[in-house]
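Here you get one chain, nothing else, as structure tokens; it is the form predicted on its own.
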Amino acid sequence: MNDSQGAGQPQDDVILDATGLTKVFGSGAGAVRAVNGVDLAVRRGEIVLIMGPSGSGKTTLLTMIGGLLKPTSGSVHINGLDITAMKESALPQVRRHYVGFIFQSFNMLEPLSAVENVEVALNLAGRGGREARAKAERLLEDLGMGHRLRFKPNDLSGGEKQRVSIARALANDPKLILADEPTANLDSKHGYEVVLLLRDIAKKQGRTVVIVSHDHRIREVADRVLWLEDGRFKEIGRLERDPNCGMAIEGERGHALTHEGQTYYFCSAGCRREFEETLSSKQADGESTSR
């Protein structure tokens, strides 16, 4: 099992399993191998961030995983279902029920309100009437958009549009969320809010989240970061988990602290200081108890 697959968890927990994925555009001397034999297994509740230079094949890989683009070779299983073996006519149903997409351009329907944009995803999956409207409203309210339900896209900020997009992606309770540059069109504040929402989707709702992005802020919440270049995954710096705030960081770039033979890494000096204070408090409590 390579780094792109993860380790130490049961195979029956795998929601996404891509094997030998390859996509070649063109033929003969002009052929371009955009994705070249990629393997990727992602488990329930896991956040995987795929990074890499422009033109490295990230979006091509994501669209193949989501059943929007047929691979030249290889297979994609979502929750055990081999979507690459299915007829083209069957794929829309798979995308509606198994996969939620979040795009950087939001892809909202301009004539519709925020709640109608979410509701339409439910309608396409065969759910309508009051039930669909109630669920659309509940999803938006859960994302802090209860006061904007009737607003049209032109009246929403970029961050609000992305929250609508996230609600729409969650509408049919998919097991897999695919996000393509979800923070690219957002300012720093709203971008970070979306990062935290994606973390909650994975950790609190137990969904599998795969993100393609250049945004290094997402590394803070990712369980794994994979680097795609020339259509293949390459090694990236080892990630450590900050024991104080839980953010993922590259060990060599973090603030280190060694305590009783174990080295901890922190995203900031503040987190390290809080951790040290907690250790001191526990030590003081232990000494008090021993007396």
Partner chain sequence: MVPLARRYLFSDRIRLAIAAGGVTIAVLLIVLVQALYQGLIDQVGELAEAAPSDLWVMQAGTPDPGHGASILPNSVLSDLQEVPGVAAAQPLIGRAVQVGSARFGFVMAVPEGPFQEETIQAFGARSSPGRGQVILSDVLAKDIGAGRGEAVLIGATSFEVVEVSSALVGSFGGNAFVNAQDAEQLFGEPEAFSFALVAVSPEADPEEVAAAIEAQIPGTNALTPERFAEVLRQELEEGFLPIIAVLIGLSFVVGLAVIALTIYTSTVERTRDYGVLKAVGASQGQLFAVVVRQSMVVALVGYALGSGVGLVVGKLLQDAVPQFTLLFRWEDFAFVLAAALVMSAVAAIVPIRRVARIDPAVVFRA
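Positions refer to the first chain, counted from 1. The structure displayed is predicted, hence computed values, not measured ones.
Form predicted together with the partner chain: not shown, discussed below.
With the partner left out here, the partner chain still marks one of 120-128, 77-85, 187-195, 217-225 in the model of the complex; by a 4.5 Å heavy atom cut-off that stretch is 120-128. Mapping the unseen interface onto this chain, R96 counts among the residues with a heavy atom inside 4.5 Å of the partner chain in the model of the complex. Residue contact check for L143: none of its heavy atoms lie within 4.5 Å of the partner chain in the model of the complex. In the model of the complex, no heavy atom of L176 sits within 4.5 Å of the partner chain.
A residue is said to contact a partner when one of its heavy atoms sits within 4.5 Å of a partner heavy atom; L68 meets this definition for the partner chain in the model of the complex.
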